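Just the one chain here, laid out as structure tokens, in the form predicted on its own.
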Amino acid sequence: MIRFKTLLPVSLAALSLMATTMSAQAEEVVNVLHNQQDEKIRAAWEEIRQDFEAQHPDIRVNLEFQDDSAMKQRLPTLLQSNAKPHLYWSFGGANYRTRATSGLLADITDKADGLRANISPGALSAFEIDGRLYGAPYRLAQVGFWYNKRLFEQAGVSADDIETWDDFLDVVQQIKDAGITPIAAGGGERWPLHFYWTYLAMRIGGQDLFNDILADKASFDNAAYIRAGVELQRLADLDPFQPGYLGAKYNEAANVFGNHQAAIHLMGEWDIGVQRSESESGEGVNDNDLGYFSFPAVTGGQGDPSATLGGVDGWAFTAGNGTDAAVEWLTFFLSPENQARLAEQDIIIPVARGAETHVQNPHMKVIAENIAHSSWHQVFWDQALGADVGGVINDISAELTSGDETPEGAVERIQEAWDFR
């Protein structure tokens, strides 16, 4: 009896330690690396993380944040080390593709039924390489035409009448005839103009052609992309841009649009806030006067008019770390319910099916629905194709509008850059 009393506390302590040890051993950790610095967004993610762990007591998620420059510097080395996270923040595009085909990412295709069930195919395609999945998108952006309803009314035109590129050119001419600058453009930075050439190439050439080029089964030097240059020069021939547009930066173009000095601005949804903040009044084109329409179809083109151009950023699984627990976390994080929570706070344009109905801002809501119904959501080509090729596309887009390059010369230069990538 005395012996039992002596041993009992020891045994209970040992059992407790054993249970703790077993629990710790049973707990699986998922490490996630991100560059998000917005405290509001971090707080929203933390709530989702806590909900996940409450439902998955055997999985612990670590959300590690680094500033963007530090993450970019660290990532190449990190991906080849044993300290790499399970998941890291990534765009779809050239770097993602290179890392996937180089074996630096984990193929989670066979574990992705939940992701495929929740996420629209157009968005998910940005993270597919040759039909295999190495990550998943988190949020979307679309480039389209923002327009000033008051200036359109003053010019006697309607965005509802624009179904084709020819319709668009007619509207531009009518606006110009009314004494209004039709389009604001930040040609000095060149990338804003690449939206025109890229969209035209997508509308004329279609997705199959672009995929064949990526697979080296076709060339940028093709009739469809030459026509894209021809069509862009048809627009430039109307002299539609504000004076000095080839030297203007994006923010200066947003200022012109926000000051009601131009009727149209081809840009992403971030322009809602930028045109406002850059305007002299600080109010810009208010929500009542601000309109939006998608890039129109091109007559005779092979591209689906529902296809969208924009940004897709999300998460990539590092090699060896596409574990069941990591996939489970991402599936939960990207579920329609959690995407809806973030959309309601105007944090994202979601990728999950049905979550777009929870977007509150009316303009972001339109874009969300566009992307949700898009057959092909393409990452900006100056990102998707890497810096070298993308830089050439930016250059030729500006030079086509200025008349310093021919449509034929433009595609030759892009293909040359592609050959030397």
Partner chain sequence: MSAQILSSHRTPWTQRLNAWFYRHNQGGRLTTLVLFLPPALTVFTLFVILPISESGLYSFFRWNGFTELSEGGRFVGLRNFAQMLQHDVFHVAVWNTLKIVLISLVIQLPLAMAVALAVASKSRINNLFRLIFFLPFILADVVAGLIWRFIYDGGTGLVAAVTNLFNLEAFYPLADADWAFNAILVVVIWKYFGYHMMIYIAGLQGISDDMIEAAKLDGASPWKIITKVKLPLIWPAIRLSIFFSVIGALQFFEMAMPLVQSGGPGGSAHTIVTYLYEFGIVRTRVGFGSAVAVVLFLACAVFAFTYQRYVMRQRD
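In this text the structure is predicted, and so the values were computed from the model without any measurement. Positions refer to the first chain, counted from 1.
Absent from the display: the form predicted in complex with its partner chain. The rest refers to it.
Item to check | Listed residue (102, 158, 81, 281) with a non-hydrogen atom within 4.5 angstroms of its partner chain in the predicted bound form | outcome: It is 102.
Next on the checklist: Just to confirm, with a 4.5 Å cut-off on non-hydrogen atoms, which of 178, 218, 246, 347 contacts its partner chain in the predicted bound form?
Outcome noted: Checking each option against its partner chain in the predicted bound form, the one that comes within 4.5 Å is 246.
Checklist entry - Among 198-206, 168-176, 92-100, 269-277, which stretch has residues with heavy atoms no more than 4.5 Å from its partner chain in the predicted bound form? => result Heavy atoms within 4.5 Å of its partner chain in the predicted bound form occur in 92-100.
Next on the checklist: in the predicted bound form, does every one of 68, 123 and 314 come within 4.5 Å of its partner chain, counting any heavy atom?
Outcome noted: No residue of the spot touches its partner chain in the predicted bound form.
Next on the checklist: Against its partner chain in the predicted bound form, would residue 212 count as a contact residue? Criterion: heavy atoms within 4.5 Å.
Outcome noted: Close contact is absent here: in the predicted bound form, residue 212 is far from its partner chain, nothing within 4.5 Å, heavy atoms only.
Checklist entry - Counting only non-hydrogen atoms and a 4.5 angstroms cut-off, does residue 388 reach its partner chain in the predicted bound form? => result Flag for residue 388 set to yes.
Checklist entry - Would residue 392 count as touching its partner chain in the predicted bound form under a 4.5 Å heavy atom rule? => result Taking the distances in the predicted bound form, the answer for residue 392 is yes, it comes within 4.5 Å of its partner chain.
Next on the checklist: Even though the partner isn't displayed, in the predicted bound form is residue 189 close enough to its partner chain, meaning a heavy atom within 4.5 Å?
Outcome noted: Heavy-atom contact with its partner chain at 4.5 Å: present for residue 189.
Next on the checklist: Only counting heavy atoms and a 4.5 Å limit, does any residue of 279-316 reach its partner chain in the predicted bound form, and if so which ones?
Outcome noted: Nothing in the stretch sits within 4.5 Å of the partner.
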